[in-house]
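Just the one chain here, laid out as structure tokens, in the form predicted on its own.
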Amino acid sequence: MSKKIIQDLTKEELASLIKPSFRAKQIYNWIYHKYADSFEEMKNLPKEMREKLDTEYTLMPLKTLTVQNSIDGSRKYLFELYDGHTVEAVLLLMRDKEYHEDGSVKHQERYTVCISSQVGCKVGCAFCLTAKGGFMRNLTAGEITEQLRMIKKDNEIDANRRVNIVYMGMGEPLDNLENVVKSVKIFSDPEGFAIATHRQTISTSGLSAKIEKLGKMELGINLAISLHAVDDELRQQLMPINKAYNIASIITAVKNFPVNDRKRVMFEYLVIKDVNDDISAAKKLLSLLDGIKAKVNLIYFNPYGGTEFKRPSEKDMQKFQEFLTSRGLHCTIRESKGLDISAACGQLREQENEGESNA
């Protein structure tokens, strides 16, 4: 790429490069509050500065290739990077706008944005379509944060409206720790996106050493563990990374992770029919999480073409949940979103790649 991505810079880094340094705040305001797509729009900057910025930096590291709209309000985006690789991000409508009887707004919409941190993934989970495309490269901090900026602009979500961010798209966030941490800081900067760290969740497949390293940074973010199995044998079949980071090491790292008094560590459990959906698995999960301030999020496996795995029945999901909650473990069933579109992570990218190969 001939030009640097200006969104790769924290406000402090930008201030060290731009003189006078107060211009960094103005540039941040144009990028993250006014969604400017060109330096020419930044009229309160001197013309010479705008021209210099345009020579050295780009404001548009991503290009929208495809948007799919679900009947539930979810929108899935396929973005193209400067090198032709693609990544996905999803806007999830968690709550509709509500009105008072007089027509005034009672509650605004509530959104969660699921973002990617890598092109592809090294982890190689058996149930994940992203893994089938292999790992290409890490995203820069600017390529991570730009996913949210483009989605907010496209959906006319005001800069003052807060959204929740989940690093749960393509890639393993902790495998790209430096850039992910930098993006967390840009997201939370009051003059950036102003999204508090308690609204940001990093979802990991369980890189124990990186969990410990992240915990020592005390960023105040939420942690979610993609567990998906309650014994090493099954987890190793589903997630080969378990050879390097087994369940015991993950539990130890989680117990040492700083958790806000009002928060819990999320354990994501992808429920697959006839694989990990019986009560014996629920009993083992209950024992495994004993002593941890935990919340279990049961997730329906979302089928895609060519997979051997099947979606569990609603009855079995409810039995699993009821067993855990009746014994005091906070447990929810994640509402499936975007079932009418390419909702499985990596599916939209895979369709695009297949389309190119068949052309």
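Numbering starts at 1 and follows the sequence shown. Quick caveat: nothing in here was measured; it's all calculated off a predicted structure.
Quick note: we don't show the form predicted together with S-adenosyl-L-homocysteine, though the next part is all about it.
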Among G169, E172 and S226, does every residue place a heavy atom within 4.5 Å of S-adenosyl-L-homocysteine in the predicted complex?
yes
With S-adenosyl-L-homocysteine left out here, work out from 245-253, 124-132, 78-86, 94-102 which stretch has heavy atoms within 4.5 Å of it in the predicted complex.
124-132
With the cut-off set at 4.5 Å between non-hydrogen atoms, does E268 touch S-adenosyl-L-homocysteine in the predicted complex?
yes
Would S208 sit within 4.5 Å of S-adenosyl-L-homocysteine in the predicted complex, counting heavy atoms only?
no
State yes or no: in the predicted complex, is some non-hydrogen atom of N155 no more than 4.5 angstroms from a non-hydrogen atom of S-adenosyl-L-homocysteine?
no
4.5 Å heavy atom contact, Y300 and S-adenosyl-L-homocysteine in the predicted complex:
yes
In the predicted complex, the residue from T112, S203, Q236, N179 that sits within 4.5 Å of S-adenosyl-L-homocysteine by heavy atoms
S203
Would you kindly say which of Y304, F323, W30, Y57 lies with a heavy atom within 4.5 Å of S-adenosyl-L-homocysteine in the predicted complex?
Y304
